[in-house]
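Okay, here we've got a single chain as structure tokens, the form predicted on its own, with questions on binding and movement later.
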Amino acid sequence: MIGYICKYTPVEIIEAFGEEPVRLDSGYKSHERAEALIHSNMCSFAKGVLENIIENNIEEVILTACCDSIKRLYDVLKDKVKFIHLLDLPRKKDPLAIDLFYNEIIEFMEAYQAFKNKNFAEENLLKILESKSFNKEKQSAESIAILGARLKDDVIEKIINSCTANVINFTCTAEERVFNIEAKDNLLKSYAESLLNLTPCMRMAEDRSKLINKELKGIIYNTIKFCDFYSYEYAELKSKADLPLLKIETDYNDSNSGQILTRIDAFLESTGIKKMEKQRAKKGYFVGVDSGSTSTNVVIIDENKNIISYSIIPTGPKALESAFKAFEIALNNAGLQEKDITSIVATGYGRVSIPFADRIVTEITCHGKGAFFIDNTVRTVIDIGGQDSKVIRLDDSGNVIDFVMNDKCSAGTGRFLEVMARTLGISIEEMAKVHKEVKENITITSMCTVFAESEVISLIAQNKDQRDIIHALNKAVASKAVSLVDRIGRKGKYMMTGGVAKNQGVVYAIESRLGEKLIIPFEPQIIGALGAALISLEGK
């Protein structure tokens, strides 16, 4: 077995030797062992691959010199594995580049032949290549493209299973190892040319904007945290591509797949290509369950879209138990039994854990739906919950056309305010009061919850007025929220949802920055659940 990472790797040469090539992926909760050998600031993908090699005791590795991080990985592995080879990948596919890559492949073959003490049989390679010959099939009319850095296989599979359109994977994990070898008299050179003619990698000197065509319904672009290569290409595509474009960022830690899938599901829903189960029942009672990180909210509506009852309870450590309890409370408040319910839609981070739901829909779509139902003049929804914040742009029909999220830390969320209230020794209700008149206009310089808490402790030690500190914290949350608004562009009217919408100080601070009043629903915490209930009724 020999591990590789790049699609330009001569996998078929390895197979012709009778060996098994295995693609090395990254996806570990910890890079502890890798960071003992390589700097902690190194690319997370390179660290993940190193962790994979250590974990699975891989003794043979072939790498390509695609970036400095992989070159550094090669340096680390030279003394750690039995066989390692670094291919110098040309950036073009002209005759000189083909000659260069052909020579690189020959050099690898000679090194591997000496290591394995095996003779290379060209006829074996020919059989393998002939088995992979093909004629390209025409793609379906509607497609969605995945570009940028590789995504984990489970995420790719989720997109394929969730999407009504054809999914075209332009990343380096695309399964496109199929060849039409014509010059069999110089098989290896023809093979080298075929490899370079694969869909160009982002690091190739090719205009990849040509991959974008009018049949695409949208692009999901994956970037690697702290990797400028992908960010540059994303910026170029954003300026050229006149179609929906979702940017996600991964560090190849398997703990963030849930957040990534939430963004992708919302994007597919907004572009109209997410698979939805068609429902015909329009009579009875319909339920929306919003299983959030801090609270679980349930709304019951009737067939005329009247809100019959709702409930709000803390989520606690067990999301499923909270969902059952909130559902039971809402049923009791409405004087209904579970058998009276026609359909249930679940949303929120815990939506996949609710077994009694008939469907699941992302909170992006549900908040947009609920907000537009409350007031159809709303074009921007600012939702600040317990652990994340998001801004959602709606069109004149209430459809989600754009959104941004801050789900990587608790900065500017309800959790941020809870921590600060505890530090100040006051209740969250006291924290929520408006403090328009202040003695000193203090500014909190850090939005990180940990650093901001230290800053607040320092201000307390300086005997600063408590109201001034609260005002500063409200300004900090407002600044974070408005920065999200500015990322998709300001457009009124604005509605604020989520538990933080009950904080009058934050509302006032956001209004001051936007220069416009916010619409605050009668109960801002249930808007996501209300949207889910409406989707349950409408069946779309």
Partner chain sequence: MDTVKIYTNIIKDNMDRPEKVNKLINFGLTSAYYYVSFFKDKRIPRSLHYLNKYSIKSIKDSLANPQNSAWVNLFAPSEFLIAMDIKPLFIEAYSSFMSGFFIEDYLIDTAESRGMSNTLCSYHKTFIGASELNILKKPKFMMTTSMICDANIPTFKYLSKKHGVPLYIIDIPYKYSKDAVVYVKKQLLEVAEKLEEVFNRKLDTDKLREVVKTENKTRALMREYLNYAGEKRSLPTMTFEMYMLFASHVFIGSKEILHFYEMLVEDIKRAPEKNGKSIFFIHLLPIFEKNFKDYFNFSDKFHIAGSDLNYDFLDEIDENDPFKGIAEKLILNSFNGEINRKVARIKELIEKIKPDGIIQFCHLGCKQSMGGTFIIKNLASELGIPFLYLDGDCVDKRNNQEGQNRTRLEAFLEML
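Remember, it's a predicted structure, so these values are computed and weren't measured experimentally. Residue numbers count along the first chain shown, from 1.
The discussion below concerns the form predicted together with the partner chain, not included here.
Exercise. Using a 4.5 Å heavy atom cut-off, which stretch among 468-476, 52-60, 499-507, 28-36 contacts the partner chain in the model of the complex?
Worked result: Of the options, only 28-36 has residues within 4.5 Å of the partner.
Exercise. Are any of the heavy atoms in R72 no more than 4.5 Å from a heavy atom of the partner chain in the model of the complex?
Worked result: Yes, R72 lies within 4.5 Å of the partner chain in the model of the complex.
For this session: Please check if E104 has a heavy atom lying within 4.5 Å of any heavy atom of the partner chain in the model of the complex.
Result: Output for E104 is yes: heavy atoms within 4.5 Å of the partner chain.
Exercise. Hey, in the model of the complex, is I426 touching the partner chain, heavy atoms inside 4.5 Å?
Worked result: Contact with the partner chain, no.
For this session: Check whether A235 has any heavy atom within 4.5 Å of a heavy atom of the partner chain in the model of the complex, and answer yes or no.
Result: Flag for A235 set to yes.
Problem set entry | Partner-contacting position among K158, R379, H85, K217 - heavy atom within 4.5 Å of the partner chain in the model of the complex | Looking at K158, R379, H85, K217 one by one, just H85 meets the 4.5 Å heavy-atom criterion.
Problem set entry | Heavy atom within 4.5 Å of the partner chain in the model of the complex - residue from D94, E338, E123, D242 | For this set of options, the contacting one is D94.
Exercise. Is every one of R150, F324 and K390 within 4.5 Å of the partner chain in the model of the complex, counting heavy atoms?
Worked result: Not one of the three qualifies.
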